[in-house]
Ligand SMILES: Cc1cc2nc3c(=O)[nH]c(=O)nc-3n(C[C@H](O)[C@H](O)[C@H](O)COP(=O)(O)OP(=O)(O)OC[C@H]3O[C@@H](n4cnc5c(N)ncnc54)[C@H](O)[C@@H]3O)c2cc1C
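Shown below, as structure tokens, is a lone chain in the form predicted alone; questions about how it binds or moves come after it.
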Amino acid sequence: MSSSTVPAPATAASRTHPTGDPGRSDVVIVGAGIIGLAHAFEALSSGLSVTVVERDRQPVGASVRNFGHCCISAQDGELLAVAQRSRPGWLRAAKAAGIWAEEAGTLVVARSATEAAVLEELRAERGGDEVELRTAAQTAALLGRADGADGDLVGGALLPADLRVNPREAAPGLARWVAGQPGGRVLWGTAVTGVESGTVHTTRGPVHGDRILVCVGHDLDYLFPDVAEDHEVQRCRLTMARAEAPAGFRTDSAVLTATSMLRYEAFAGRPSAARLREEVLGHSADLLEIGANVMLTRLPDGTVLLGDSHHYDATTPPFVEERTHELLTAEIARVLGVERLRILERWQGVYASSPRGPLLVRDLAPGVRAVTVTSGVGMTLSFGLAAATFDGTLAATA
């Protein structure tokens, strides 16, 4: 199976829902995205029975449209603790489900003294084991540039704790694993029409569970519009693409740039970050205008995921400006030291976002809880949130 396609669910039994009451599970999870599937994995690993209810016939949302970047070290404060807890969960799940997960880290590229200063400040806070500084020549080599092609680089840093997964295969692979467990079921093509204590009402009949978790991401407003509006949940749409990798680029590390430093709190909270924003505004105001996080990751088949821009609205328009795509791909080509990239695919990513905070954890009724990441780091936090859900340490947000 090519990594450029999303594999279909494995068994016919997991794709259908019998007429009438299918029986009670310990946990019913609404949504087969990465947050829902991480909770399903954690529950099954704890000996609980699980039913996952999913509207679509395979994962098609935020969980397959992203970089597959578990950006642990870029988090700060409470989210850093959740991300660090998520890391071993990802590794356990990858081993159990047979999905690709590389302890490849993240390469952060510095092309100015100010960018390098931000990395040095993060290293001073976190230590050399978590932030490994790299010279310009070492950074150029990791980017696959030709020898001596480092004139525009100042240095870089490797964040070794970060993980890489294949977003095209991670969620589908986890769903197959869930469906294959004695206590697990995934009900595909089953839309939810309502949720109350003990019961999820669907287009194929009721599904009963002692505990219900609603993990539908940006689509929370379809089921609980008042909750979504109260938390000011919006859809963030992203311009993304897949390209042939330049000949020398072979690293499995995610690659971040200055615009990434302005978006992730671990960098944005450093003393030099304000100066960095002014610097980027001076030479790349057009990238800031489109909310760019110029970054790339390599898939196991050798192709490269490119992105991304950020535009926010309650509903996602279907249109993408070609200028946005051109700005992103041209900047990534410069980072890699090549003239141009051959694009193979384009798409819109999407995730839930909110100015109210990075998480929405809301008790909707006795035994019913919504868990939504509203900050674009669902892949990163998924297994940490699931672990906290089942050990009782995930507190409801205001």
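We number the residues from 1 along the sequence you see. None of the values given here were measured: they were computed from a predicted structure.
The form predicted together with this ligand exists for this protein as well; it is not shown, and the discussion that follows is about that form.
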- Message: Tell me which stretch of 361 to 369, 65 to 73, 333 to 341, 40 to 48 has a heavy atom within 4.5 angstroms of this ligand in the predicted bound form.
- Response: 65 to 73
- Query: in the predicted bound form, does each residue in the set A104, D150 and V304 place a non-hydrogen atom within 4.5 angstroms of this ligand?
  - Reply: no
- Is G376 one of the residues lying within 4.5 Å of this ligand in the predicted bound form, judged by heavy atom distances? yes
- Find out whether any non-hydrogen atom of V27 is located within 4.5 angstroms of this ligand in the predicted bound form, and reply yes or no. no
- Item | Contact label in the predicted bound form: D219 to this ligand, heavy atom within 4.5 Å | yes
- Message: Contact with this ligand in the predicted bound form for D56, defined as at least one heavy atom pair within 4.5 Å: yes or no?
- Response: yes
- Message: To verify the annotation, which of these, V186, V233, C215, A170, has a non-hydrogen atom within 4.5 Å of this ligand in the predicted bound form?
- Response: C215
- Query: Between the options A141, M240, V227, L262, which residue brings a heavy atom to within 4.5 Å of this ligand in the predicted bound form?
  - Reply: M240
- Taking only heavy atoms into account, state which residues of 32 to 52 are within 4.5 Å of this ligand in the predicted bound form, ordered by sequence. A32, G33, I34, I35, G36
